[in-house]
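Read on for two forms of one protein chain; each stands alone as structure tokens, with the labels structure 1 and structure 2.
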Structure 1
């Protein structure tokens, strides 16, 4: 019997693994895509405390090695579903199944992507889905924000203090020729489709949980961007991971 299965090898999941491993727990992390999560696509991460100007890939490789140093096993399998058996949970994947005393959900979210038309229009210009991560790279340069609603407004306000000019366009509008980078703020989708009927989700599919990271199902916790929260950054993901592991 595994002590905890952590679903997702991003900052939240790997931080949870570090804390659980240090506490002597047997930990398995399941990742369906890339170890490290979406941040590995960022060329420079300059807002993680104590680690200035590091690539997302290098940062997360360090975190992964730290987790593995405490005995964590990272396996590349896609989770298909979870069964609640009271004192233990059965996690089913495309490779098999695991029985664990607890589960930490740390699957994160996926950004809604540019349309094919706008992707072609962007050409070789950098396309970013994280203004906080990449905005500083375009200081004094013109950029464009694609999207509408509160997310786009926040991204525009943030970039206005950095870029020389910030264009705002909607989905499928042409991208201005002089924009040197494209920031996408169309919204995000939590990777929680396999959880329906197991834990409470809000109307947008995020796992409902407070700062204690406890879901509606005892023994299942949630950490990081797929949790209902207002701020989604590396530091808040790490904080969630520590809190979730502390509940084990």
Structure 2
């Protein structure tokens, strides 16, 4: 039987894998997208201690290699559900199932999507959740940014250097007709939909756990951005990964 299945190959999951693998545990990491998590889309990370300036992709490539060096297997499968059988957990994916003595939840968050009304308004126009990834495609063209928080302000500033005009609207405002692309920055939601009824979630869907990373279900731990916490950054995700693995 596998000692621990870790769900998500972002900073939290891969750090947990480094610690668990180094402690001699049999570790499988399940990842539904690309390894490295959401930070791989960032061109520059300047606040990770010990690594002054590095792209998110390069940073996470190193972390993934470190985890694999301690025997971690990374498999590209989406987790659809978990069954609690007390002494062991059954993790069900789009490709099969795994039995493990423990599970670490490290699924992070994803951008909140446009409302149905705004999505209909956008019609066939491209909708992007990553200005750094897609902004360059709209050089000299009018675009619109949806959102009212700090991220929306950052996205607007970034696009002002590229687009001919940057409209700014709030959630549910009509989308200007001449905008050629819609950039969305209306917050994030945790990837925890498949956990309902298994572990305690807060009203926003985050997995309830304190600094010990223990969920309401014995044998299931949580690390990183999908946990209830005040600061969601790489360094806190890494810290959670170490703590969660230390509980095994």
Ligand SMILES: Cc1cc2nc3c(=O)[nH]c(=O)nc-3n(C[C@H](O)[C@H](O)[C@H](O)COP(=O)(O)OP(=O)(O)OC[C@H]3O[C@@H](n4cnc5c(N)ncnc54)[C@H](O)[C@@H]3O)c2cc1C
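Here the rigid core means the biggest group of C-alpha atoms that line up within 1.5 Å when the two forms are laid on top of each other. Residues that one form lacks are left out of the comparison. Note that the coordinates shown come from a computational prediction; the quantities given were computed from them, not determined experimentally. Positions refer to the first chain, counted from 1.
Between the two copies of this chain, it is structure 2 that is the form predicted together with the ligand. Relative to the larger rigid part, the smaller one is rotated between the two structures by 49°, as taken from C-alpha superpositions. Summarising the core-aligned comparison between the two structures, the C-alpha atom of residue 144 is found to shift 10.7 Å. Relative to the superposed rigid core, residue 173 shifts its CA by 6.5 Å between the two structures. Identified as moving between the two structures on the superposed core is the stretch 112 to 185 alone, made of at least three consecutive residues whose Cα atoms shift by 2 Å or more.
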